[in-house]
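Read the single chain below, which is given as C-alpha cells and is the form predicted on its own.
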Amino acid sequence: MNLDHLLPLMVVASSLIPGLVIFALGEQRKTARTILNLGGASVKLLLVAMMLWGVSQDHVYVVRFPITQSIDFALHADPFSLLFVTLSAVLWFLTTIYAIGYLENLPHCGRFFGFFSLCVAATSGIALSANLLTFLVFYEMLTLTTYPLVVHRGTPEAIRGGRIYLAYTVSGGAVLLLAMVWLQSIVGPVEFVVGGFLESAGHEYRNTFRWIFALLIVGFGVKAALVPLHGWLPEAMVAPAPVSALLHAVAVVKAGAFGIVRVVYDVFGVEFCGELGVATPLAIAAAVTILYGSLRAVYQNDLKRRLAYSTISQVSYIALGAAIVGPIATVGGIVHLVHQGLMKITLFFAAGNLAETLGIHEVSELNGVGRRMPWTMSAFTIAALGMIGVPPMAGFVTKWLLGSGAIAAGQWWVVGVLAGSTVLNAIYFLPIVYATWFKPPDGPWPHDHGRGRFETHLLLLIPPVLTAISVVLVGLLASMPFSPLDWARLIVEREYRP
C-alpha cells in the first residue's frame, strides 16, 4: 500500500483519531484537547491540499477493502469529492477555533469535541466514498455522531429536538438502504462513475429505476431538508451555535445535497435522468422547497429559526442545479455547495456571538446592535447580502449561473423561482440589516456578558470575519485558478466529456 492508497484513509483518520483520543482524555485536559483539535484540523488541511494538487494533475487516489466477494469498502478522490472535503476541512478548522471560544469554561467539553471530530470524520468519509455502500456507512455514522451534539445542552427542548432529528434521519437512512439493496440486486455493486452507468443496464428496468431514483431522493432528501422532509431542521436549532454552523454549512444538510448530486451524475447520469423523466420532478421539488423555506423564514422572530428556514431554501439550489440538465446550471449548483457553506456559517457564527455576548436570540432585539458589535454585524451583513445575491458576492455567482443555465436549457420558469426567492431573501434579511445599523437600541441588552477588550471573545470574532471576507473573495475572484467556481467547472467538464 503506497501513499496514493493511504491519503484518502489519512484524511478520514485525521479527525477520527483525535476524536477517539479526546474521549479518553479527562474533562480537565483542556490543553491536550485543544492541541488534538487544532492539530487534527491542520493535518487534514495539509492532506487535502496534497490531493487537490494531485487530482488537478489527473492523479488517482483510491483504496479498497473487500467485505464480501462482490462488496468493497472503498474510498477515492475525484474532483467532486475533493470540493466537498475541502469545504469540510476548511470550515472544520474555523469552527474548531470558534467552538474553543464558545465552550470555554462550560462542562462536558470532552464529550462535545469528541463527537465533533467524529462528525467531521464521517463527513470526510461521505465525501471520499467510492461506492454507495461506503457512502451509506458514513452517512449513518454522521447521524449517530451528530445526535449527541444536538442534545448537548440536555434541556427538555434539546432532548425533544434530538428525538425529532433522530426519527427523521434514521427513517431516511432506512429508505436509502432499501433503495441501495434494490438497485444492487439488479446491477451489482453501485460504484460512483463519472457520467453514471445505469443507462446500459437494460431497457426493461426503466420503470424500476424510476422507483429506485425516487427512494434515493427521499433518503437523501431528509438530510437535505427537501420539503416535506425538512421538519427536523428548525427543531435542531436548540443545539449550540458551533453545532448549528456545522449542521447547516458543512455536515448534515450538505451530506444530503451531496448525495443527491452523486445519484444524478455518478449513478444514473444526468442525460439518463432526462430520458427517464425524473429530472423535472426533482427540479420542481427543489423549487417548491426554495420558495417554501424562504416564505417561512419571513415569519420567524427567532434568529436561528429564521436562518434554519433560510438553509432549507438555499440548500435546494444545489438540487435545482443538478436537476436542470445542462452544464451551466450544473456548475451553479455544484459551486453553491461551497458558497452556501461560507455564507451560512458566517450567519450562524454571528448569531452565536449575539446570543453568547448579549443574550440576543430574537430578531426584534437587534435594534442598534451594530454599534455594540460592529465586526460581528458587518460579517452578518456581508453574508446576508450574499444570500440575497448582491454582486459581486458568492450568492450572486450562484444565482447568475443557475439562471443562465436554466435559460440555456429552455427552462425559463426557473428564472421566476430565482427571482421570487431573491425577493423573499431580501424581505427576511434587509429588515435585520436596517435594524442593526439604523435603529437606536431599545435599552440594555438582555444579558451583556462583555468578553474582554474586544466586542466579544477573540476566538468568536476571528472565524466570522474570515468567512465573511471569503464570501466577497470567492465572488470577486471567481474566475481565478483553483477558485470554487474554477473547480466546479473542472467537475462539470469531466461530467459532460463525450
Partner chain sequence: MTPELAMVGLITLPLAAGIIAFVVRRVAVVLTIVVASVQIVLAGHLAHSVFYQGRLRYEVGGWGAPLGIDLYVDGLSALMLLMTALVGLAIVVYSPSYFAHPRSHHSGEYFWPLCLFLFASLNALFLAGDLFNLYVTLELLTLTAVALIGLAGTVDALAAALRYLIVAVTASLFFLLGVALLYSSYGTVDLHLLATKFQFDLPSRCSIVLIAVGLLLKTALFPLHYWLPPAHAAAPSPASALLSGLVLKSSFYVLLRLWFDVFPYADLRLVGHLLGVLGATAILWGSIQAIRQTHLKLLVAYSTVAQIGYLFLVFSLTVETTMAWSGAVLFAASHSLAKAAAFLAAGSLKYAHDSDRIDELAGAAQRQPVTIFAFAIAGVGLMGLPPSGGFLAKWMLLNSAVTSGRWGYALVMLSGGVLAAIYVFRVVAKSFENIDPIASCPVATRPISPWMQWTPLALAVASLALGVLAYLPLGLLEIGAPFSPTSGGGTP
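Residue numbers count along the first chain shown, from 1. Treat the numbers as computed from the prediction; the structure is a model and nothing was measured.
Same protein, other form: the form predicted together with its partner chain, not shown, and the subject of what follows.
Proximity to its partner chain in the predicted bound form, defined as a heavy atom within 4.5 Å, holds among V137, A426, I164, V415 only for V137. Taking I159, V194, V363, V187 one by one, only a single residue has any non-hydrogen atom within 4.5 Å of its partner chain in the predicted bound form, and it is I159.
Here the chain stands alone, but in the predicted bound form its contact with its partner chain, taken as any heavy atom within 4.5 Å, falls in 140-148 among 288-296, 140-148, 82-90, 302-310.
Using a 4.5 Å cutoff between non-hydrogen atoms, W182 counts as a contact of its partner chain in the predicted bound form. A residue is said to contact a partner when one of its heavy atoms sits within 4.5 Å of a partner heavy atom; G277 fails this definition for its partner chain in the predicted bound form, lying far away.
With a 4.5 Å cutoff on heavy atoms, G39 does not count as touching its partner chain in the predicted bound form; it lies far away. Taking the partner from elsewhere, L133 is found to have a heavy atom lying within 4.5 Å of its partner chain in the predicted bound form. Contact check for S378, A409 and R494: none of the three has a heavy atom within 4.5 Å of its partner chain in the predicted bound form. Contacts of stretch 150-177 with its partner chain in the predicted bound form, defined by any heavy atom lying within 4.5 Å, are made by V151, R153, G154, I159, L166, V170, S171, A174, L177, listed in sequence order.
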